[in-house]
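Encoded as structure tokens, the following chain is the form predicted alone, with no partner shown.
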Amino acid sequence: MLVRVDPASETPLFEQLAASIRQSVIDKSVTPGERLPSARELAGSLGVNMHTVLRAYQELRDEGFIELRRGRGAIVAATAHSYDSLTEGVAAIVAEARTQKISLAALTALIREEYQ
């Protein structure tokens, strides 16, 4: 699993980490039951604070992407959803938004409003 962060980005590091791992689960480059690096190991390899990794892992746990088990670490959840059909629908929506020159902020607001 390749995880990248950009310290110069305005996006907090924990959000970048969570997004990177989330994408790996969605595109199936990590599989259910696969063990993720320990927080200490991942933090060391990325040069970030261990608490940053733990916060990302907790967010992913809350979203159902991973399970955190004492002594076993972070494991990709066996119950992780299949996002194939949703990914296709999102791609179509994004393409339509680009055609209509709708900003990402406006599109995100529309999706958030519809979701609620």
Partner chain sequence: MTLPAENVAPQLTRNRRLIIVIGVVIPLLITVVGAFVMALWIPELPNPVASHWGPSGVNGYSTVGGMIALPLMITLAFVAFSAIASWRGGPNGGMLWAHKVMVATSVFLAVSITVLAAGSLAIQRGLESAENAPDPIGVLLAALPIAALMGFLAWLMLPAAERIQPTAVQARPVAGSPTERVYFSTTTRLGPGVVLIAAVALVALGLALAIQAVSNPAELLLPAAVGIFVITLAVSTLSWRITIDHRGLRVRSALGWPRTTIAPDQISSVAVVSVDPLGEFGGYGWRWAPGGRSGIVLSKGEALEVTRMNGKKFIVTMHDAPLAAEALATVAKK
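All values derive from a computational prediction rather than experimental measurement. Numbering follows the first chain given and starts at 1.
Not on display, but discussed next: the form predicted in complex with the partner chain.
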Report yes if any heavy atom of L46 sits within 4.5 Å of a heavy atom of the partner chain in the model of the complex; otherwise report no.
yes
4.5 Å heavy atom contact, I111 and the partner chain in the model of the complex: no
| said: With a cut-off of 4.5 Å between heavy atoms, is H51 one of the residues that contacts the partner chain in the model of the complex? | reply: no
(Q) Test of understanding: in the model of the complex, would E41 fall inside 4.5 Å of the partner chain by heavy atoms? (A) yes
Taking the partner chain in the model of the complex and a 4.5 Å non-hydrogen atom cutoff, the residues of 1-16 making contact are M1, L2, V3, R4, V5, D6, P7, A8
